[in-house]
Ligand SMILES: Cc1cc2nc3c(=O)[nH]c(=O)nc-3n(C[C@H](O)[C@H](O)[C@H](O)COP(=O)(O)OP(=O)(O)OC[C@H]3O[C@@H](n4cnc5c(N)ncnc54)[C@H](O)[C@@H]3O)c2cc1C
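What follows is one chain in structure tokens, specifically the form predicted on its own.
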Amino acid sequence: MTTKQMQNLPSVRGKYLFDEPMRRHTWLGVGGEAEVMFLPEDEADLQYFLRNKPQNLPVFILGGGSNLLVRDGGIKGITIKLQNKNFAQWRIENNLLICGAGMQNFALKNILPENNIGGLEFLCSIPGTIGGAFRSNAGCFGCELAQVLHHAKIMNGQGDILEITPEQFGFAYRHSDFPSDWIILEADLTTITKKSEEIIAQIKQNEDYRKEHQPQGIRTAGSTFKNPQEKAAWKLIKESGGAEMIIGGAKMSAQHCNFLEVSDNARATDVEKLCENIMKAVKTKFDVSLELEIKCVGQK
């Protein structure tokens, strides 16, 4: 960001954080700094910023940081995070659960049984925020966001607010055609009437499965690679020798080798290099191109 751009940042009601360590905002806890992080007060504050910011100022939208790797050189320009409670409100209308983009997915663990609405139990165990689930069409246990999304309210890079249908997102397996300047404001999610005890039991069953099959209590970003059609990613990693690779403070979990594990001294460079080495090993042995489920951003 140039000195002129810095001086011409619009006066907002929210907060600007300068040289903000991104390790505080991601589950991996590595990487450099956000040159400027903007925490808008509400939709109007966000809209005012977008319509008055310096031209050609790079903007990055940060969700919950659960599947994000920020490189050691950090993120230039403005990083926007919808952290204020005004972006985490919810309500029920016509069998739709309308959630603010800043709501943490785990908050659904209480909302669903207390209101006897089901169909969204899978979202409870996905790390991060409602808004963050859009870019990768997050899913688990045979369900994904695309199946329950009725429509969404977004703000584009010009500050215009639009209603978007699922078809306009171009959802596919762990993918969406999500324009980089779109900011999710609200998601309208389809629900079904369900008994509270059934909802609680389903959520617990999902949690128990994760505890049994996936690593707990470590710094990770969940599944590292998407599952290709040929074979499960973890099998390809294991059979190619990738499960035993260690780069600096980064390695794959002994419990589930499609889950990264980073130590306190790890750098983003370690993580990215490990991923690259595993992808090369799988390509060499099986002629299969693994694709990252983790998103890598920022300067090396």
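A quick note: this is a predicted structure, and the numbers were derived from the prediction, not measured. Don't overthink the numbering: it's just position in the shown sequence, from 1.
Only in words, not in the display: the form predicted in complex with the ligand, which the text now covers.
Colleague: Have a look at 197 to 205, 90 to 98, 70 to 78, 174 to 182 and name the one stretch with heavy atoms inside 4.5 Å of the ligand in the predicted complex.
Modeller: Among the candidates, contact is made by 174 to 182.
Colleague: Which of these residues, 166, 118, 159, 139, gets a heavy atom within 4.5 Å of the ligand in the predicted complex?
Modeller: Partner contact (heavy atom, 4.5 Å) among the options: 139.
Colleague: Please check if residue 48 has a heavy atom lying within 4.5 Å of any heavy atom of the ligand in the predicted complex.
Modeller: Residue 48: no contact with the ligand in the predicted complex.
Colleague: Any chance residue 27 has a heavy atom within 4.5 Å of the ligand in the predicted complex?
Modeller: It does: once the ligand is placed as it appears in the predicted complex, residue 27 has a heavy atom within 4.5 Å of it.
Colleague: When the contact criterion is heavy atoms within 4.5 Å, does residue 187 count as touching the ligand in the predicted complex?
Modeller: Answer no; every heavy atom of residue 187 is more than 4.5 Å from the ligand in the predicted complex.
Colleague: Answer with yes or no whether residue 222 is in contact with the ligand in the predicted complex, where contact means some heavy atom within 4.5 Å.
Modeller: Taking the distances in the predicted complex, the answer for residue 222 is yes, it comes within 4.5 Å of the ligand.
Colleague: Out of 126 to 147, which residues reach within 4.5 Å of the ligand in the predicted complex, heavy atoms considered?
Modeller: Stretch hits, in order: 126, 127, 128, 129, 131, 132, 133, 135, 136, 138, 139, 140.
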